[in-house]
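Next up is one chain by itself, shown in structure tokens, the form predicted on its own.
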């Protein structure tokens, strides 16, 4: 876990324990490949940690193109290495190609270097409609409720399943406790997963003033995890205004809602390592 903050990086004394960098996850499947999910500010530290020991190919799965999920791309060391092949996957847009959208970030005045001038061998893909494979990992992407084209990911290596839905408002317009699975955004991606990383940005008191913003209250996060029967829930995409102490209070409330086996729900933090099994 290289970044688990949402919306805006929030470094400072009140966010030391859980971290201030925005979304970035390093995934290491059984075949030793490197898959990166989202490239927020945490991607910079991942690139530094890789150093010269990085693989020749790196795959980056982008959930969407809001800045907190792509602003680390320009500072991710491997994209500046001419010997590295970097594959970027992301949601298609009905108006532009994914390459055109990413090129907006890699261009003045937002960034001094154009996308086509990066020295690495860059390959950009719209995520396919069905399942595809990167080495030993089977991957599925599906649209989820969040402003703009946004997807969640389900990664399976052997019998082990990781689901990542960083920005998500599954309760928008529905009651998660009473609707059928067909009406629940992200249900098929999360069902039965060993580990679910899911948006848990707001408290129950904050959410009513933020309906439609594309994020979940902790009550919705826990309800979603329970109806999808995941084995372990990792609370992710922490609000930049929430201090370490506030996040821990949210975890206490989430455990109350979770009920049995409260250790199966945890807060994400920078440096966290999870074995998916």
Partner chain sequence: MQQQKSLVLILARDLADKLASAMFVVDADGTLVYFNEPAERILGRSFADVGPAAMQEWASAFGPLTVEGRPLTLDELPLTVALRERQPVHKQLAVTTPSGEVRQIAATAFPLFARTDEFEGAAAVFWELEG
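The structure presented is a predicted model; accordingly, all values stated were derived computationally and were not measured. Residue numbers count along the first chain shown, from 1.
Unshown form predicted in complex with the partner chain; subsequent notes refer to it.
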Original post:
Of the residues 144, 79, 197, 193, which one places a heavy atom within 4.5 Å of the partner chain in the predicted bound form?
Top reply: 144
Original post:
202, 187, 89, 106: which sits within 4.5 Å of the partner chain in the predicted bound form by any heavy atom?
Top reply: 187
Original post:
Does the partner chain get within 4.5 angstroms of any non-hydrogen atom of residue 136 in the predicted bound form?
Top reply: no
Original post:
Can residue 117 be called a contact residue for the partner chain in the predicted bound form at 4.5 Å between heavy atoms?
Top reply: no
Original post:
Quick one: does residue 182 come within 4.5 Å of the partner chain in the predicted bound form, counting heavy atoms only?
Top reply: yes
**OP:** May I ask you to state whether residue 173 is within 4.5 Å of the partner chain in the predicted bound form, using heavy atom distances?
**Re:** yes
Original post:
Among 108-116, 71-79, 92-100, 203-211, which stretch sits within 4.5 Å of the partner chain in the predicted bound form, heavy atoms only?
Top reply: 92-100
**OP:** Please state whether every one of the three residues 127, 140 and 154 places a non-hydrogen atom within 4.5 angstroms of the partner chain in the predicted bound form.
**Re:** yes
Original post:
Can you tell me which residues in 204-239 come within 4.5 angstroms of the partner chain in the predicted bound form, by heavy atoms?
Top reply: none
